[in-house]
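Next up: a single chain in structure tokens, the form predicted on its own.
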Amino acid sequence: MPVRSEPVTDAVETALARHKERPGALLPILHDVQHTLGYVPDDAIPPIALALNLSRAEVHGVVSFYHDFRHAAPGKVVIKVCRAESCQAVGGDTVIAHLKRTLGIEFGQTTADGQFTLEPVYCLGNCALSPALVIGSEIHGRATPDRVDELLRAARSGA
């Protein structure tokens, strides 16, 4: 078993203390760990499994099944791009291709400098302003390649 780092140990212990006694505690625990660390590290799985009397395979299966759980630390800025039909119908695929080309990554990857992680999302609820994406915590509609370039420049500069 890998040696857990202090932040992982703290995140797991805090999540277990909050949710362990709840029925169906696994998902809330995993969400808390990811919220704290940005992802669910492999070394968080054994103590969670032990505390919930589950196998490591069961916990890993849940982490790997749900697309919302990350297996590695994300970039400083997470970009979520809508893949739903409404966004595709008005140029979403062009925006996605531009983002992938500009960042040099595919969905689920992080840029080499650790700045950006690109993730697909299957509806942001912003259909009236399609194509839509979220950069950090801000939603943006009517995305175009030029607008994406502006947003990336602002994100790089911290604006």
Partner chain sequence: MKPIIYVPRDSGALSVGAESVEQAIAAEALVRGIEIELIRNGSRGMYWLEPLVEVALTPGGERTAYGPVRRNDVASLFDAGFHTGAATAREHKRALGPTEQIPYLAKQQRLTFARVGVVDPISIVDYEAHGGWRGLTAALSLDPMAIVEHVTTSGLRGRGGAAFPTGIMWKTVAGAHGPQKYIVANADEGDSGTFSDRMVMEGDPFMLIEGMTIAGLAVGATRGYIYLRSEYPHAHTVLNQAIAAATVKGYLGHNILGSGRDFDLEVRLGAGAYICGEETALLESLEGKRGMVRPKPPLPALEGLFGCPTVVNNVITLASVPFILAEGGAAYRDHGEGRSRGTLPLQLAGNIKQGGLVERAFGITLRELLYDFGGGSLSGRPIRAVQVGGPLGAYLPESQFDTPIDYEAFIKIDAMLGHGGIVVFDDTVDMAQMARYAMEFCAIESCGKCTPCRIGSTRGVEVVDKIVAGTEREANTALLRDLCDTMVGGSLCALGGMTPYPVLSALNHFPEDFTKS
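Numbering follows the first chain given and starts at 1. Bear in mind that the values here come from a model prediction, so they are computed numbers and not experimental data.
This protein has a second form, the form predicted together with the partner chain, left out of what is shown; the following refers to that one.
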- Message: So if I measure heavy atom distances to the partner chain in the predicted bound form, which of the stretches 42 to 50, 95 to 103, 25 to 33, 108 to 116 falls within 4.5 Å?
- Response: 25 to 33
- Message: Since only the chain is shown here, I'm wondering whether Ala73 would be in contact with the partner chain in the predicted bound form (any heavy atom pair within 4.5 Å).
- Response: no
- Counting only non-hydrogen atoms and a 4.5 angstroms cut-off, does Pro145 reach the partner chain in the predicted bound form? no
- Message: Lys20 versus the partner chain, in the predicted bound form: is there a non-hydrogen atom within 4.5 Å?
- Response: no
- the partner chain contact at Ile139 in the predicted bound form, heavy atom, 4.5 Å: yes
- Item | Stretch 82 to 118 - residues with a heavy atom within 4.5 Å of the partner chain in the predicted bound form | Arg83, Ala84, Glu85, Ser86, Gln88, Ala89, Val90
